[in-house]
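Form predicted alone, single chain, as structure tokens, below.
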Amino acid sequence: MARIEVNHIRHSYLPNPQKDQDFALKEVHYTFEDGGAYALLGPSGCGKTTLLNIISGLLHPSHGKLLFNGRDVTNLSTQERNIAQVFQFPVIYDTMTVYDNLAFPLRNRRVPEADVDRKVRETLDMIDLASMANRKARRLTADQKQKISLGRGLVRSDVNAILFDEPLTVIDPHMKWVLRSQLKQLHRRFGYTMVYVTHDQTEALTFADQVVVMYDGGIVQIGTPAELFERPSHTFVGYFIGSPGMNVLPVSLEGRTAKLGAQRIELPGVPKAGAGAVELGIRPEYVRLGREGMAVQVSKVEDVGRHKVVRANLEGKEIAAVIGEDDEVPADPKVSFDPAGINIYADSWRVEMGA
């Protein structure tokens, strides 16, 4: 496995980029540690696949360097980098059997046949295709073919890293959960360096130890799932992670008090905010609905199974609150904010609070 250093890398698909907006990938400087499980998470067009393809060698960056264990590999091919990559849609040999598809990358490296057989059968069991080992790949469904593609990435034990580009798109929801769990188990067992691209927050948060949230060609936050939920560094992270996303409300500050219209909200500390637009962010899980606090007008109650989402209006702003499945909405509802869940943002970036 490899320690992957992304050293001040930028990339543009234009021949002569001049300004920041010309770059699909703005400057990224980060190290993926040897044996780590990472997810690149963000919406379409944010630069996550561009970054993955630069790591794999499918793209040459416009600026910057890429290092594997301290060695500059910027100009090396994917094969020279010893990378396994699993793409969004299946890349397999239809005329081969399932077994031979998995054996191919090992035989191509002249691995002894006994080791090929052991590793292939181990991988077939893991992706639940052992009963189809001797079937031609062309006869399989799309999700079964993608499982073969996943298996081809997992069968090798000599790779520097395994890269996944939205590999579960064509797989049914239950199998997605199974394969995510199996990938996690594989990582814990063998310590592969894994980088997983997805726009699905559930995939990212259940797979990765560290989630790299990307937006508009750059990285806005890197952290554990808990860090991203509790302390989003940017309002985009608050919007994008969580269901429903974080409430973001425009406020003005007065010491350790935030003012929203006629309402005054006590803060857990004094924000160190300079000039710029100031907003208060609080996740619906930290909005308390009851008979005390700030008056709201409820517009909708959504029963989503294990809890309810209450949509309401506070001082002309839409907010969401999460309540228990069996909880009732009061006749004259009011809300209060748990101080532990309050974040303050200046120009979309989180600011620290002093005592």
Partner chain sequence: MDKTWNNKAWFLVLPVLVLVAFSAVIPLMTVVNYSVQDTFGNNVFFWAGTEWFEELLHSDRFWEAMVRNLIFSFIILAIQVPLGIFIALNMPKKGWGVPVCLVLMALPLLVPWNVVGTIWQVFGRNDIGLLGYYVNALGIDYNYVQDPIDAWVTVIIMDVWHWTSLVVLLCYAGLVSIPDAFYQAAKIDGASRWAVFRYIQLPKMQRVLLIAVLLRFMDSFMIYTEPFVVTGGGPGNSTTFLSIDLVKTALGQFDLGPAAAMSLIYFLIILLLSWVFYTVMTNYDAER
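Numbering follows the first chain given and starts at 1. In this text, all values refer to a predicted model and were calculated from it rather than measured experimentally.
Form predicted together with its partner chain: not shown, discussed below.
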| property | result |
| --- | --- |
| Non-hydrogen atom contact Arg71 with its partner chain in the model of the complex at 4.5 angstroms | no |
| 4.5 angstroms heavy atom contact with its partner chain in the model of the complex for Val91 | yes |
| 4.5 Å heavy atom contact, Thr78 and its partner chain in the model of the complex | yes |
| Contact of Leu168 with its partner chain in the model of the complex (heavy atom, 4.5 Å) | no |
| Partner-contacting position among Phe190, Tyr239, Trp177, Phe104 - heavy atom within 4.5 Å of its partner chain in the model of the complex | Phe104 |
| Single option in Arg109, Arg264, Arg118, Lys272 placed near its partner chain in the model of the complex, where near means a heavy atom within 4.5 Å | Arg109 |
| Which of 215-223, 194-202, 120-128, 92-100 lines the interface with its partner chain in the model of the complex (heavy atom within 4.5 Å) | 92-100 |
| Residues from 64-89 in contact with its partner chain (non-hydrogen atom within 4.5 Å) in the model of the complex | Thr78, Gln79, Ile83, Ala84, Gln85, Phe87 |
